[in-house]
Structures are given as structure tokens and as C-alpha cells.
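This document opens with one chain alone, in C-alpha cells, the form predicted on its own.
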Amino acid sequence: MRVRTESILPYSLLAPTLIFITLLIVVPIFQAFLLAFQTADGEFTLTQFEKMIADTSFADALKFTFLLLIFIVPAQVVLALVMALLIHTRFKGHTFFLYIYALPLAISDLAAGIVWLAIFTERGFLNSGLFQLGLLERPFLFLSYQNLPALFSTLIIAESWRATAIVMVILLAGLQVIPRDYFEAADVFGANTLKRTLFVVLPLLRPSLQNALIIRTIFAFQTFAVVLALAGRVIPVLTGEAYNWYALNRNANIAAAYSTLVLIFTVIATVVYFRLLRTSTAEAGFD
């Protein structure tokens, strides 16, 4: 009886999580696939994807989604790595700085977008501050549709501030499990900070980097609320178009086609990361 209980216990502990994932993730994904590939009569078709590609906003949404991905993900990983390494040195007051860095985790996407809207708008905090300092004679239009580079830059800044914290937490957790012996050995052999980071930290941090890149790339493909708050429809993104087709155009099928495309891109990116940052069991466990 005891042996049977011990064999069932792991599955019973996993059951709530599996039920949660099935009901809130697997089932909706399956339903989205049906909406994307089926007609109202239940026949399978690619008409929804043809209409999606023919949509006037599709090309721009695809372009800006990948541009945000290209600019945001590498910058966030580098910034998060610097922040994690800084906190890992355990300088005086590092706990306070950790709380400050992690603050964006407590703020929703839309709230973060509204905060940065208050900063970058024509009479926002940034323009007001620069005017008070005498650096500007008139407000600079950061969010103007006539200045797409400035508008796109505000999106990168806002999204980087919002989501860098989660990457930092993942990398900091990875740094915590690296034995101190490696750092001490590097010091004994005279490695400076740069060499220690390149030849000791980064190879041992590869499993955490892999997880951080996958999670951040998934979030980058799903970027929507910050873009909506700062740019509206001026800079379309794939998830934004899915929302517009579902909420505004009342067409769940094309919205599902957009969602399916985002899912496909996410799966492809995940496979690429697994291949490029492949880690063995020994490397992951530092054996």
C-alpha cells in the first residue's frame, strides 16, 4: 500500500498544474487552430490565412514585430546580464537595488505603457523637465506619426524597462547556483573581470541564458499593450492585429490565424535557441 501511494504521489502533485495547463493553454490553442483552419461549415481551408496576408496592415505588423524582437531581445539580455552580475557581486545595498530593478515585474503591460505615455507625450515629464532646464524651446514630439524613428525608440525603451527584470531574475538565479570555486579558480589564474565573465560565467550560465532567451522571445512576439498605449495603430504588431480582428472587426477566424502565426514563430524561435544553446545534463548540473 505504501509503495503504491509513493508511486501515485508525484502524479497527484502534478495533477493541478496539468489540469490548469490543459484547460487554460492546450484547449484554447486547439480551439484557435480550429478557428484558423476551419470554415463555419467545419471544412478545412486556408482562406483565413489568405485574408490575413491580404490585410493591408499585415506586412507592417510582421515587419514591426520582428524589428521590436531584433532590437529588444539582445539589448535586454545584455542589460539584464550586467544587472545580474552587478547584484551578484553583493556590493553594499545590493538588495535594495534588486528590489528597484525588479519593480517593473509588479506592473502590468498596459500600466507600463501608460506610465511611459505620461513621460513621452508632448507635455509629459520628459519635455517639461528639458524645458525647465532650458534645453528645449518647444516640446519634442516623441510620439508623432511623422517621426517614426522617435516613436519606435520610445517603444524599445518602454518595453525594455518593462520586461528586463524577468530576464535579470532568471540570470541571477543561474548565477546563484554556479559554485564559488569557479570564480576563486579564475582569480587564482589571474583572470580579470572581462575574462572571468567570458570564459567562466557565460559558459556555465548557458542553460539560464537559453531559458531567458526563450521566455523573452515569447513575450516579444506577444508585445501589444505597450505598443497600443504609445503608438496606437501607427505601429501595428501581430498580436495587435489579432486583437483588432477579434474585438473591432468581429472576425474570430482571422484573429485566430494571426494567433496561429505568432505561435508558429514562437515554436521556430524556441527550436533555434535549443539548437544554438544546446546544453548537456552535465553542463546544466555543473557535474
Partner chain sequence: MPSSRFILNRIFLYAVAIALAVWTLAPLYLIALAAFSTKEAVFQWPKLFLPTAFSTETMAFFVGSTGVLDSVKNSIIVALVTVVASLILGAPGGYALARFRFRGKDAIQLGFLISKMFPTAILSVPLAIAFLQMDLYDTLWGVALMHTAMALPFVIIVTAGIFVGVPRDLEEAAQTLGCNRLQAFWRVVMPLTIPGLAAAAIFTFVLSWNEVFAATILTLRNRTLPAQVLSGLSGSPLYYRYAGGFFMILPAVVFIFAIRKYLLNMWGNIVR
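Positions refer to the first chain, counted from 1. Under this definition, the rigid core comprises the largest set of C-alpha atoms superposing within 1.5 Å between the forms. Given the structure is predicted, the values throughout are model-derived calculations rather than measurements.
Below: the form predicted in complex with the partner chain, not depicted.
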Can you work out which of Ile218, Val234, Leu62, Ile53 has a heavy atom no more than 4.5 Å from the partner chain in the predicted bound form?
Ile218
Looking at Leu141, Val77, Leu148, Leu110 here, can you tell me which has any non-hydrogen atom within 4.5 angstroms of the partner chain in the predicted bound form?
Leu110
4.5 angstroms heavy atom contact with the partner chain in the predicted bound form for Gly129
yes
The partner chain contact in the predicted bound form: Ala229, any heavy atom under 4.5 Å
yes
Using the partner position in the predicted bound form, report whether Leu69 sits within 4.5 Å of the partner chain, counting heavy atoms only.
no
Whether Pro28 contacts the partner chain in the predicted bound form should be assessed with a 4.5 Å heavy atom distance threshold; does it?
yes
Check each residue of 105-125 against the partner chain in the predicted bound form and list those with a heavy atom within 4.5 Å, in sequence order.
Leu105, Ala106, Ile107, Ser108, Asp109, Leu110, Ala111, Ile114, Val115, Trp116, Leu117, Ala118, Ile119, Thr121, Glu122, Arg123, Gly124, Phe125
Against the rigid core, is the Cα displacement of Ala15 between the shown form and the other one at least 2 Å?
yes
C-alpha of Leu24 moved at least 2 Å between the shown form and the other one on rigid core
yes
